[in-house]
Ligand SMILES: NC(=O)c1ccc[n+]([C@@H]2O[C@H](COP(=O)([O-])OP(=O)(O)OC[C@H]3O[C@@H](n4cnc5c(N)ncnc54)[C@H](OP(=O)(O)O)[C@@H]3O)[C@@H](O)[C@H]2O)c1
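Only one chain is given next, in structure tokens, and it is the form predicted on its own.
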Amino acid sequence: MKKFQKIILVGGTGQIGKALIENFKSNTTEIIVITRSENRTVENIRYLNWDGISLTSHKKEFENSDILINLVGKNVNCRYTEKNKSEIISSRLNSIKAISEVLSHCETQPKFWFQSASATIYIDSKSEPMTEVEGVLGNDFSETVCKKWEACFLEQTKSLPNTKKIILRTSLVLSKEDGVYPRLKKMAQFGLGGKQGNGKQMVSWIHETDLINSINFIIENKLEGVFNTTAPYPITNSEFMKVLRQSIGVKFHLNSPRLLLEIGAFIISTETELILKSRFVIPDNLLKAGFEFKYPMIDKAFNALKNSL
């Protein structure tokens, strides 16, 4: 008998969604992925098209599910124009409201609702660690988005007393398949793997395996609340890039000063904040609950990624 009968992933076709599908598919009767792409079925995974507005037509799919994971949110890897800012906020809030609306019509709500969030909610910090309890929440655009995101989730889930609510403040996810690691690796191989800016900004990161394992841990232990899903040992950008180079055997490197990053960000339509903000985030709640990281140190994480390719 399968461990779970039904798991729903809203926006589950990206890097993390694919990893979650791989994690759950062998012990789940049915996985339903709500997506903008076309309807299709692959093994025990059903992909259902969603217009991004209302989910009421999928009511029966949400009925009596074990786990709901919402990963929806416009990618922040863009210029912060007024249009993009509006879409970044609305995509996050509207998906939560749509899910809440459809669940209000279900007789049996999910046992768990995992809501993706971001460790960017904390202020820029190079010396003070940010934990779930003692971390300082910031007020710039990206930090405000994160606060609105979480506030919307907490407000919309008040009417779900039997559902455990989990907010995942996720940091930089390192995966061999997609995301930042393959891009950084390629940069380093082309000699551009030096420090970015002054290199003193802290980098909070997590290996994809530990992110998935932390979700499994929360489910198995029936936990709820806010969790910083980051590795316990953040390091400076300078050290981060140094260990990456060492892991792939690259010695020559050029640094990327702030001005060059500003020019490059403008050319590729992104913001330097994604690289230059110092994120010093500690997974205090996971550690106190007894979660053990498989890759707590960056050298182990990079070596595992290199060897898995």
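Fair warning: this is a prediction, and the values are worked out from it, not measured in the lab. So that there is no doubt, residue numbering starts at 1 and follows the sequence shown.
Another form exists, predicted together with the ligand; not displayed. Remarks below refer to it.
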Check your understanding: Quick one: does I99 come within 4.5 Å of the ligand in the model of the complex, counting heavy atoms only?
Key -> no
Quiz item: Is S256 close to the ligand in the model of the complex, meaning a heavy atom pair under 4.5 Å apart or at it?
Solution: no
Exercise. G197: heavy atom within 4.5 Å of the ligand in the model of the complex?
Worked result: no
My question is simply whether S247 lines the interface with the ligand in the model of the complex - judged by any non-hydrogen atom within 4.5 Å. no
Per contact check vs the ligand in the model of the complex (non-hydrogen atom within 4.5 angstroms), the hit among 60 to 68, 45 to 53, 24 to 32, 280 to 288 is 45 to 53
Picking from V72, I215, M202, L184, the single residue whose non-hydrogen atoms come within 4.5 angstroms of the ligand in the model of the complex is V72
Note: exactly one of I166, L103, A188, A117 sits with a heavy atom within 4.5 Å of the ligand in the model of the complex, namely A117
Applying a 4.5 angstroms cut-off on non-hydrogen atoms, the residues of 161 to 193 near the ligand in the model of the complex are T170, S171, L172, V173
